[in-house]
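The chain below stands alone and is given in structure tokens; this is the form predicted alone.
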């Protein structure tokens, strides 16, 4: 098991370096000068411009800038925002709970709906329900998040008026941040009006973000269940006269869940990438919206540090999933 873990950890190092190189290069390929964007339409003297460029380290050759960037990372420094002059790590940690709250709600909805839908679709193979679930899953997986989010806003917010259009909570409420999770903080403070407001603001973006994971989980559950239901031990259980719910729920589902759990863990990356569009559409104050605004302002340190921190979280989750899968299935960790 230790060898298996060390192998996975070794693979993280080139991935980490690749992320740093890509983010460092891609943000600089976008047209626009961060210093000129700071001053806007105002004229800036050349001496002031050169001094500011030197202070930010942008006057050095690109390879030297990258070397300094790697050196800062080696010392645990993710840089300082050009615009706010705040450490990137501090901004990330202050905004990350909002993204986690949105992502957890989205994956919870996806599991609670997708898992039963996939199980029933497998048990009732080729039925109307099966075709409906698979058709809806294909549609949900193919639907771009930005388009799906706008449709949800148009229907539930504009037409029906059931949910707010954007934001995280109504402006008339204020909850002292303790954990960073508004729902939890509001419940702990006994502010139930704020809790309801936060829940209303959360439902629509979570539904938009959870659509693709829901489709993936439903299809994977159905496929895994169909494979398990054809195994000999399932036929034996049925031949013994066990109730159908026991055969499906106890014998089949337990083995079918192994690949499904892996897929659920891997959806974390999809949730973080989807959160960028979702948070922008719904004005959700998380790291996705923060990164988009930083790209527009050419805030190099924020984009570099924010993407790297998000990628590190995805790599950590994937490593955890690999380890759990290795514990469940010994053949994986033995390389079979």
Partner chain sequence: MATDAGAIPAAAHSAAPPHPLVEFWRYFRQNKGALAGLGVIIFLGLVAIFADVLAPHPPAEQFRDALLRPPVWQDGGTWRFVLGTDDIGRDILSRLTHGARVSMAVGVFVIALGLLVGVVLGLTAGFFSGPVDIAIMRAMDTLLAMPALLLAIVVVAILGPGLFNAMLAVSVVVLPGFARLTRAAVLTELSKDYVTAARMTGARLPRLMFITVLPNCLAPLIVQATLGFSTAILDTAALGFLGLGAQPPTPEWGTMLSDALQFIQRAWWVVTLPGAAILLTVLAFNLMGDGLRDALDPKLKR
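Between two forms, the rigid core is defined as the largest C-alpha subset superposing within 1.5 Å. Numbering follows the first chain given and starts at 1. Just so it is clear, the structure is predicted and the values come from calculations on it, not from any experiment.
One more form of this protein exists, namely the form predicted together with its partner chain; it is left out here, but the text below deals with it.
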- Three-residue site 104, 120 and 251 fully in contact with its partner chain in the model of the complex at 4.5 Å by heavy atom: no
Close approach of residue 58 to its partner chain in the model of the complex, 4.5 Å, heavy atom
no
Answer with yes or no whether residue 147 is in contact with its partner chain in the model of the complex, where contact means some heavy atom within 4.5 Å.
yes
Original post:
So, in the model of the complex, is residue 52 in contact with its partner chain at a 4.5 angstroms heavy atom limit?
Top reply: no
Check your understanding: Taking heavy atoms and a 4.5 Å cut-off, does residue 240 contact its partner chain in the model of the complex?
Key -> no
Among 90, 230, 132, 139, just one has a heavy atom within 4.5 Å of its partner chain in the model of the complex, namely 139
Residues in 150 to 173 that come within 4.5 Å of its partner chain in the model of the complex by at least one heavy atom, in order, are 150, 151, 154, 158
Can we say the CA of residue 27 moves by at least 2 Å between the shown form and the other one when the core is superposed? yes
Establish whether a shift of 2 Å or more occurs at the C-alpha of residue 15 between the shown form and the other one, with the two forms superposed on the rigid core. yes
